[in-house]
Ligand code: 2P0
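Before any questions on how it binds or moves, here is one chain, the form predicted on its own, in structure tokens.
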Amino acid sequence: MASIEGRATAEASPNIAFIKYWGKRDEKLILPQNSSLSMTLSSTTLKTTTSVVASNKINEDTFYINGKKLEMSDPEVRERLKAIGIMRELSGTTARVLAVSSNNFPSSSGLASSASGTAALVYALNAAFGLDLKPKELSMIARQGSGSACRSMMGGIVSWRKGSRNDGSDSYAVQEFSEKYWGEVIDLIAITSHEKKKIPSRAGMKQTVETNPFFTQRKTSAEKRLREVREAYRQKDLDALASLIMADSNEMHALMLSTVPSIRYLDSSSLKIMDAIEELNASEGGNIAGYTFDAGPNAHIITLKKYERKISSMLADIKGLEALEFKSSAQGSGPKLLTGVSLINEERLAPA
């Protein structure tokens, strides 16, 4: 095996799913039960920055996130180790990796920090290991570190094809529309909680697949709705798009609610925002915004830039949402390498 000394820093942003991924058919390869579709967010709003060193001088793979060293038993670390192992094998080396990441938004609160974190890691490793993998290949590796991370490997509107092969070779991300196709579409993120979710997504998905009597129906409806969302986006039909996005979010959270025992990520603030958006759309005589929630209480409101001020002002007036914080994100272009930037303190590279 060849020796290597590679360094790189990359940043990636999370994505917000219009059609949700919830449930795996293969836990090890992270193969989804249904296809999904999302919008990659802009790194100027939400991002993870990750610096890596791949070197034979490092004794073991090590992770730091937001200044904290993670234990190797941490499920998030174990999943990312899979991505590192794949890329290490492809590089033909035995080099170990030191990875240091920083998020500019709360982790594990339903804002897809695992997606941006894994995407940034894989993108940086591609450079550090001296590989030249294409976006499709990178998406397949990122998928095995965190499912939704495969969609953050590309910009704009991205679908994750569930595939049908047992080896996962046909389960990867595809860019459906560039970020410039309908650039007026934004995600107005209404953050009401920074708390870490009580049930990690990986555990919630497994519980749903194993206990929910309605799960088979979900797989069929998600595939149909994905095709409808793609067509609504193609036609730049905000009314139809918003309706479909809200329907899919509601269906996924209803599925969680009917899981045994019940899984509840939404809270009273989430419900107030849902009511407010539905009332606004009714008053407008059509949908100008669509809410969607991942595995957390924070709302993502898909709308056009011209409606942002109206929606944020309306939400700010809701009683009981005094702690509301807004982040407005345009569509992002996907991960990128950063030159002249490193989060790694050289002291961490010293032998133990």
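Numbering starts at 1 and runs along the sequence shown. As the structure is a computational prediction, the values presented were derived from the model and not from experiment.
The protein also exists as the form predicted in complex with the ligand; that form is not presented, and the subsequent description refers to it.
Put simply, Gly145 is close to the ligand in the predicted complex: some heavy atom of it is within 4.5 Å.
Taking non-hydrogen atoms only, Ala17 approaches the ligand to within 4.5 angstroms in the predicted complex.
Contact check for Leu46: no non-hydrogen atom falls within 4.5 Å of the ligand in the predicted complex. At a distance threshold of 4.5 angstroms between non-hydrogen atoms, Ile30 is in contact with the ligand in the predicted complex. For the residues Ile311, Ala295, Ile302, Ile65, the 4.5 Å heavy atom test against the ligand in the predicted complex is passed only by Ala295.
The single contact residue among Leu266, Val229, Ile84, Met205, judged by any heavy atom lying within 4.5 Å of the ligand in the predicted complex, is Met205. Heavy atoms within 4.5 Å of the ligand in the predicted complex are found in one stretch of 287-295, 303-311, 65-73, 47-55, which is 287-295. Shown here without the ligand, the chain has no residue in 153-191 lying with a heavy atom within 4.5 Å of that partner in the predicted complex.
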